[in-house]
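Quick setup: one chain, the form predicted on its own, written in structure tokens, and binding and motion questions come after.
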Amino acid sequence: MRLVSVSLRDFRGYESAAAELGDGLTIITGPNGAGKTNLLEGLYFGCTGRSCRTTNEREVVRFGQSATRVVVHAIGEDGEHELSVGFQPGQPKRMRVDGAAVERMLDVAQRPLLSVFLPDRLELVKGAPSLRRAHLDQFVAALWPARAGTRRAYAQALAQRNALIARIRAGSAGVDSLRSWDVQLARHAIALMADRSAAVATIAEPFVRCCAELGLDGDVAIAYRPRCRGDDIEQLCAELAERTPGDLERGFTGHGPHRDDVVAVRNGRELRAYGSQGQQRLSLLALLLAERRALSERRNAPPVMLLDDVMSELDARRRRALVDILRASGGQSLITATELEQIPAGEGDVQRIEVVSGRLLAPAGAR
């Protein structure tokens, strides 16, 4: 599945804009503030039904307007598909695929998978564990769509156990009533941890290779760190029971895969705490590229890479290495830059889009 075109209506700074996308590398250039990032966000919004930059989606509607609409055309082995998302603050989103309404774009088989690099996504490396857990669970769902419900089932069981803890604290339930929910929580926890562990295993070796190709030296690795020690329901129930007094004191469940983490290490030290900004940036790129390789092997098509301002803090050698990796892995990549010279694309089929003050100029074509 690849992207063919995108059209935006009243999205961020765009009143009306449309662009055709290249089969391989598409370079989006323009001065700072012209709307390059907004174009990538619009693509993401049209394919997923949500923003990759903000949780307050009122921000995506152009100032002074009441609604926005994004239409994406994609093509796969079964032909061309149209994905559209209309959004008016305060109203349900209007999401359609080939004219038929859908509830969640993320569940649609006809949409391309996307992988996004934004400068503020460095928080995925150096931020809170919750960010890495959420990212890992999204990766699990992309690898094995049938397992997407595992995380939701665990979350529901966790919410039920926490609600029961609140009733016990209020004196309306007994402690013994927790045992049945411990079993339910442990059952879903074991499945969730197994999915996460298997997903990280698929990228462990590609992550090391991508780090080497991008010039991140040293002994690097990525690892899944579950909070629980037990590997079966009985052992995990014992861990939960041991911590019940603390849970009752706090008022919520403090132990389980909702406290897990994923860590990237270099020479035995976590990059989150001990890596430089440049090393963290390279490790994030390596993670996204490793996931792309794993998804390409599993789903027979690499995700579309949306890379915003990725070249500004890379030296010439690493810029070349990144472009070479993207080309060697196939699929589509869209890269923004203030100057065309920042992207060493060389010869080949490269599509160029120039953005000037919220306007997309006619592509210069392949070069």
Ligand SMILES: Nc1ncnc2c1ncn2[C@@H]1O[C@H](COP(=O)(O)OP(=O)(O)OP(=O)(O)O)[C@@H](O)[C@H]1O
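Values in this document were obtained by computation on a predicted structure and should not be read as measured data. A residue's number is simply how far along the shown sequence it sits, counting from 1.
One more form of this protein exists, namely the form predicted together with this ligand; it is left out here, but the text below deals with it.
Residues placing heavy atoms within 4.5 Å of this ligand in the model of the complex fall in a single listed stretch, namely 37-45, out of 295-303, 321-329, 66-74, 37-45.
In the model of the complex, this ligand sits within 4.5 Å of a heavy atom of residue 32. Taking the partner from elsewhere, residue 61 is found to have a heavy atom lying within 4.5 Å of this ligand in the model of the complex. Among residues of the shown chain, residue 50 is not one whose heavy atoms approach this ligand to within 4.5 Å in the model of the complex.
This ligand in the model of the complex is not approached by residue 54, whose heavy atoms all lie more than 4.5 angstroms from it.
If you take 308-341 and check each residue for a heavy atom within 4.5 Å of this ligand in the model of the complex, you get just 338.
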